[in-house]
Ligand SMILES: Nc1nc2c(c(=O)[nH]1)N[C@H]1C(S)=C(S)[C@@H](COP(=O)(O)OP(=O)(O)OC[C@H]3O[C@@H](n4cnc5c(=O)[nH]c(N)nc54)[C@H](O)[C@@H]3O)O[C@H]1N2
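Quick setup: one chain, the form predicted alone, written in structure tokens, and binding and motion questions come after.
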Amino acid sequence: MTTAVQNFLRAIDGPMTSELVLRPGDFGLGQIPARLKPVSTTSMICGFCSTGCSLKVHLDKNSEAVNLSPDADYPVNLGMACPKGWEALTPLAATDRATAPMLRQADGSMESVSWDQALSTFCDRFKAIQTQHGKDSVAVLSTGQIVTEEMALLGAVAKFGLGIKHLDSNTRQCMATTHVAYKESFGFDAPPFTYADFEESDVLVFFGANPCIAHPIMWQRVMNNKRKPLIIVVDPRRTETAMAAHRHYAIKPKSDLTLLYGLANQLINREAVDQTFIDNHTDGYEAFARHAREFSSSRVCTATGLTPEQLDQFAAEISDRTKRVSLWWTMGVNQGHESTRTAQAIINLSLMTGQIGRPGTGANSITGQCNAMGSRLFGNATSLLGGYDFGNEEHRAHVAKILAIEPSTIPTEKSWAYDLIIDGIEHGKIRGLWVIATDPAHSWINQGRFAQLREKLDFLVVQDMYTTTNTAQVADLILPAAGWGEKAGVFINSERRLGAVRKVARSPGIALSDFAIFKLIAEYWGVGEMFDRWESPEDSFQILKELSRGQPYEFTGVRDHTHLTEAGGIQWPWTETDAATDARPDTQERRLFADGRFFTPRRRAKFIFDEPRPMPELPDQDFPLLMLTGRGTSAQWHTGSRTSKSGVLRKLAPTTLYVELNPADATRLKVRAGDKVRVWSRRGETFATAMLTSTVQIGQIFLPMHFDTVNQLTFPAYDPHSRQPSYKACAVALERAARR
């Protein structure tokens, strides 16, 4: 590597090699290595889920991380952390870290190579594919787990510099539904709430959400509610949250859209609508009301399995306009075949009752990944960088001016969504693929299909912290990336709060931050000058601020990363005008729509609806059970590539796949607790340990999503509006494989 490149990397990333060798166990729960002594402390946002907790990171004399503890002063977690947060440093010390670029050789083996060879190969191979098959023959699959500045730089380099048209992220798997639902209903992807609403509600309704497990700190905020709230859970399975709730409405899987329309009809019949709010702040209510009146009690109860008494009780519980009612949802809604309309049906309930814009109210989506909100704004995938429109000439010119690039370099059409990129590989249109901080060979729906499609790719590049992910194992080139805590940037959490991430550890070997890798790729491709202004994450943050100017999410009032740490994070919008009149954004509850003005051209929210559609794959004689998926425990995260590195988290979570099975079904199938069982669908099979429990209904089973064989079973259905996969329900069969 040349001296010029080395100097370039030092300016971006600091030293490339670590003077401190991290060992597994150095960062155990509550453990301070004896060889290190903390002498100072800094704060940064956790890199696991979207809650956005702040952690106090304790540093040694070299400013290297020694240990961490929850931040008692941060307005999100108030001194609390879930098991993953306590163990956030441990994955950095894993023995399977990618420490140098690796290139597949002619004999199939992987060998370490220099950055120079890796980057030259990256550019030469992808350019050759584009020359032979067209510019659109290379695609990018990105993530919701790198910092916002990296996401924005990737999108800019890939689309404006490398000419790669198709780029999407794994946010498509979790939050695309909410993005589209809010954008269509409110005029912009704008979660309206603040976490204080957990503590300010009189009634909280959770649709397809299990915050006890998936977002424990949010659930703790619910437990802090002093108003003695009524807690309602709508979920086919009796989850941990349902067990803690006052009401659990165990509806049939994927009947929630019918239920929501039925509740709307009940509210109309009870005269529980806020007609003044509807008249002044919404469009389309009369058509929606006519639609809702078609959902009689008998129709809804037949579809959902609820009794008329339960439906009536549910409607009564959310119809009292003197109470503050908040409606919450996450993956149980988002990952469905008609998920966008389901999310909008929840939004419609809030709009028709005027339960929005005030403390303890709102149609509130809980985000999944740590920076899915950053991805939604700056991923540069189906929306142009900064929430603009690829198809709008004025938008392209505006973005080009801020970035100091030619407008002609910006595509005039949006990218294909994730599933369409996968289709493109199958049809031979996509021949090169660049995968960043995600593991589609594990996580993509109908997993076996991705394995088959790998053979249709001429060149697969994986950029990741680890060499052992399923996708990295079949890569032609691995680019070693720094992880959380080894680089700087900004995350945006579920309540729109920007929070800073700091570099508190050196990446191992010659691994680099994703930001540095993207800069180097631009240099080696020959377009580095286009991105001269993106000198560092701090400099890039200033570019993103300018992109935000005049947008609903504007954060021009944020000075820099340090300001975010000092202020306890800042929720958007926070403009220069806001900053001039109030220097303490952390004291503000940054709730949206208090004035009843939305982001549509008429500044009015829209009622959007459709007729419910049947589930794409129903149980039948050959596959009589319905498989549900979801999070297993608070100690597991997604594909387990990081949580599996912690001995503490491995002790807190199952290490082998299990299946939850109703005792009645177990009796019929002659299965006992602890038996090894075979579960199969029309697409694949897996083996699991039987766990007998009445938390799942008769005719249903539950498998935790974290184990890689689960997605061999899932059915590849997609919501037509968001293109989000429907992971939550498919037909399977089960039989005993062998006794313990």
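Because the structure is predicted, anything quoted here is derived from the model rather than measured. Residues carry their position along the shown sequence, with the first being 1.
The following text describes the form predicted in complex with the ligand, which does not appear among the structures shown.
Checked against the ligand in the predicted complex, the candidates N348, Q463, T177, S507 yield a single residue with a heavy atom inside 4.5 Å, and that residue is Q463.
The listed set S375, T469, S646, Q344 contains one residue whose heavy atoms approach the ligand in the predicted complex to within 4.5 Å, identified as T469. Taken together, the three residues R237, G483 and Q636 all come within 4.5 Å of the ligand in the predicted complex, as judged by their closest heavy atom. Screening 363-371, 286-294, 312-320, 395-403 for residues having heavy atoms within 4.5 Å of the ligand in the predicted complex returns a single hit, 363-371. In the predicted complex, S201 stays away from the ligand, with no heavy atom inside 4.5 Å.
Mapping the unseen interface onto this chain, A209 counts among the residues with a heavy atom inside 4.5 Å of the ligand in the predicted complex. Within 4.5 Å of any heavy atom of the ligand in the predicted complex lies no heavy atom of R497. Within 4.5 Å of any heavy atom of the ligand in the predicted complex lies no heavy atom of V205. Applying a 4.5 Å heavy atom cutoff to the ligand in the predicted complex picks out M705, H706, V710, N711, T714 from 705-721, in order along the sequence.
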